[in-house]
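Read the single chain below, which is given as structure tokens and is the form predicted on its own.
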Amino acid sequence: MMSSVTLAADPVQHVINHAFVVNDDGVWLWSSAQTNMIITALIMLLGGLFVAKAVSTGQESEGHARWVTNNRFAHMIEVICGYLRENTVRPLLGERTNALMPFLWTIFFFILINNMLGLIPILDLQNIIAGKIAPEMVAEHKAFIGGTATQSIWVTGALAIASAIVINGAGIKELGLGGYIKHLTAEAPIFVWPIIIPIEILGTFIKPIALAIRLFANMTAGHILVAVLLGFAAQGFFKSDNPLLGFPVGVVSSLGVIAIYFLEIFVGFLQAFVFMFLTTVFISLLAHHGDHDHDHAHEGAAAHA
């Protein structure tokens, strides 16, 4: 059950997922995080089509200009994609890079866009409007859109499961089923298999769990901090009984919000990159031991770390 505290009084409510449609058994049929993810998917589809058209090769009659991306936004996305592929993934995956890049790009931009949407006060604007049109919606803490989808452990867990499927699927494809099972022994002597094999099996589950918890924790902590500072600013400017004390609190809190907002933008990019990068590292670890690509993958992972 949601807390009976109003959204303005509880900073957590500004960040977490909210139900919108609930059946008679209390099961959420639709929530604000689902709307956010649908919007993210539309942004990726429409934005991807736009960028693909802008970076595509022009007509031969254009000469050298046919190779130049003529849109600044598309050029920025092209640079980001090129950096992720050539400087982050290819040193780790080698020849497998092109085959796995669509998934890695998708997971990076999906997380990034959801992180950025979480910094927009859509939920608060919606509640201001709903407070006048449908106050019962605010009283029941229902919301159609808003919050931070990547703050939900269910969302980050689903992303981690998708990564786990790709990580292990790529490992089986690279090593073969027999080689994948042999990998669980870490090529250790047979007398330590009873210790090594359970550890390797646990590691198969722990890696995606760590991905999910890391993203969930970072998005929760940072966004709640922003909500807390905004609450202090509002309290200081508009609700303080002592203006001499309230105004300085409001000013300091506002400056803190600006600083943390810039930090959260950076963290949003960083966490999207970290999720994608660690997925790449885990894929690279499931390769033939002793070959050049596998050794190079370890070197690349160490360099990035």
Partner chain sequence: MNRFAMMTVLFTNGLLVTAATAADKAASPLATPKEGFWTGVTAIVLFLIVFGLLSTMVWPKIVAGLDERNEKIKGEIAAAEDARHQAKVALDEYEKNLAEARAQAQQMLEETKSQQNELAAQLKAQADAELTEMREKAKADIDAAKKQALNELYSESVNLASVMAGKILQREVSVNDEQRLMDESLAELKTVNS
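Numbering follows the first chain given and starts at 1. Please read these numbers as outputs of a predicted model, since none were measured by experiment.
Beyond what is shown, the protein has a form predicted together with the partner chain; the following relates to that form.
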| item | value |
| --- | --- |
| Stretch in contact in the model of the complex with the partner chain, which is absent here, among 181 to 189, 202 to 210, 122 to 130, 105 to 113 (heavy atoms within 4.5 Å) | 105 to 113 |
| Distance check, T280 to the partner chain in the model of the complex, heavy atom within 4.5 Å | no |
| Contact test in the model of the complex: F73 vs the partner chain, heavy atoms, 4.5 Å | no |
| Exercise: L285 in contact with the partner chain in the model of the complex, heavy atom 4.5 Å | no |
| In the model of the complex, I145 touching the partner chain (heavy atom, 4.5 Å) | no |
| Any residue of 71 to 90 that, in the model of the complex, places a heavy atom within 4.5 Å of the partner chain | E78, C81, G82, R85, E86 |
